[in-house]
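Just one chain follows, in the form predicted on its own, and it is written as structure tokens.
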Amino acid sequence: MTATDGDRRDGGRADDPNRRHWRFLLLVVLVGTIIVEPLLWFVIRVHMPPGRQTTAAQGDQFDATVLTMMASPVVIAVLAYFTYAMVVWRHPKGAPLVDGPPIRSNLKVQASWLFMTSAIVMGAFVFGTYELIVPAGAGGGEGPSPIWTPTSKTILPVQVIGQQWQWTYRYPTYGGFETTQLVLPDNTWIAFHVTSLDVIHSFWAYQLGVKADANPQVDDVAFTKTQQTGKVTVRCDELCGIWHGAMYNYGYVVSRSSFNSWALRTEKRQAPLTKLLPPFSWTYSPSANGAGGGYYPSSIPFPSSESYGKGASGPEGNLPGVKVSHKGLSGGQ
């Protein structure tokens, strides 16, 4: 028995014409990978979403780039194979149909496939786990007891309050005023404390690379550091009711001096309204009828205004009636 006969038994003949096809395809994949990988890292990476407005966003950009680079050889191989098959192995027009040779198992191919796919999956697992835990939790909510906290001594806390169907923000270091405007200072560590007044929402600040669930009675903390000024789009990323799609607003990252001026000015302007809010807390108890008008009373909504009784302010209809004018506040029934 010759060596060629032995090769025929295991389907790996030395003169197998398919070998040149596989060698050519392997060469195409290698060349394509060598060309595409540097392009992804040096050219495409800086344009990958969500950008670099914060450390969390830059981390997301890095993760997306690495995963794209891991997937690109697989994509190149699939495209190369299908293109080569359609061009080289296509059935000639008008030629009679002839059954191809039987397909036999190949231990080397099977072992290689299992090894490569396992390596890719385990690599993605290790990389993803590291990125979620080590670099600031990747901008995701870490619950009330974060496993990672910034080492900076100057962290600006911003409370994010979700309710059907709007976002509001409280600034505890500036008197606890509440506003529908999200304004952040540049080059500053931010601690988002995300909570809800009714159902489950999800705070998604796209350009900031921050996404944290807003659960009632839960303080979900997410850290990030601003790096660039610019506009921020905030959306709810959890189906929360009929107007879920309309639950969004916009914010801005501005210079530190501009933020300080805005915060002090807003604190002063909102002072009469801030007095009517519940005392600042990381979570609040919604009213018996649920939120709906931007209010979130506790068991005693406004202790200083109990004498007003129940009015018709807001869709809930069970809050003290308060009329607001440019001169200040006045109670009403």
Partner chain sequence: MAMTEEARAGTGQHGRITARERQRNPWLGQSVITGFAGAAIGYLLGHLFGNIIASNYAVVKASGVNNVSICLGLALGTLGWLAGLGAFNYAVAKILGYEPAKEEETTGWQRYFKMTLDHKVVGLQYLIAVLGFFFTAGLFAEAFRTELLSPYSHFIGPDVYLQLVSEHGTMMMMMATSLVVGPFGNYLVPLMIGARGMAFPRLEATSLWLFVAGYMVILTAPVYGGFNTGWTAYAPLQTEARGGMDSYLIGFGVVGLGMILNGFNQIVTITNLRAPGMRWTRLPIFVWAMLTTGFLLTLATPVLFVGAYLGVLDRTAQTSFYVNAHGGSSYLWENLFWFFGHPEVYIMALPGFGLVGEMLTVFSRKPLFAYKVAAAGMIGVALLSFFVWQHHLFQSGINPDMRPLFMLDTELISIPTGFIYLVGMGTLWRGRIRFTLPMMFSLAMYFNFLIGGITGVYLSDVPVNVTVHGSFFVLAHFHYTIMGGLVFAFFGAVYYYMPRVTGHMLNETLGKIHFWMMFVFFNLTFFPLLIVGFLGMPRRVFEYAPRLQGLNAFATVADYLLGLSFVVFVANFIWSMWIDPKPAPHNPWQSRGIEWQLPDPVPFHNFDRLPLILSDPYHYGEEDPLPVADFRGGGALAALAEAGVAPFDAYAGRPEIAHPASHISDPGREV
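Throughout, rigid core stands for the largest set of C-alpha atoms superposing within 1.5 Å between the two forms. Fair warning: this is a prediction, and the values are worked out from it, not measured in the lab. Numbering follows the first chain given and starts at 1.
Although not depicted, the form predicted in complex with the partner chain is the subject of the following passage.
Comment: 108-116 is the region of 256-264, 108-116, 150-158, 184-192 lying near the partner chain in the predicted bound form, near meaning a non-hydrogen atom within 4.5 Å. Listed residues L39, V46, L30, L67 were compared with the partner chain in the predicted bound form; L67 is the one with a heavy atom within 4.5 Å. In the predicted bound form, the partner chain lies within 4.5 Å of some heavy atom of W243. The shortest heavy atom separation between Y174 and the partner chain in the predicted bound form exceeds 4.5 Å. A residue is said to contact a partner when one of its heavy atoms sits within 4.5 Å of a partner heavy atom; K225 fails this definition for the partner chain in the predicted bound form, lying far away. Contact between V232 and the partner chain in the predicted bound form is not found at the 4.5 Å heavy atom cutoff. Of all the residues from 254-275, none has a non-hydrogen atom no more than 4.5 Å from the partner chain in the predicted bound form.
Shown in the overlay between this form and the one not shown, fitted on the rigid core, is a CA shift at G128 of 2 Å or greater. Put the two forms on the same core and the Cα of S112 is off by 2 Å or more between this form and the one not shown. Taking the rigid core as fixed, one finds a CA shift for A191 smaller than 2 Å between this form and the one not shown.
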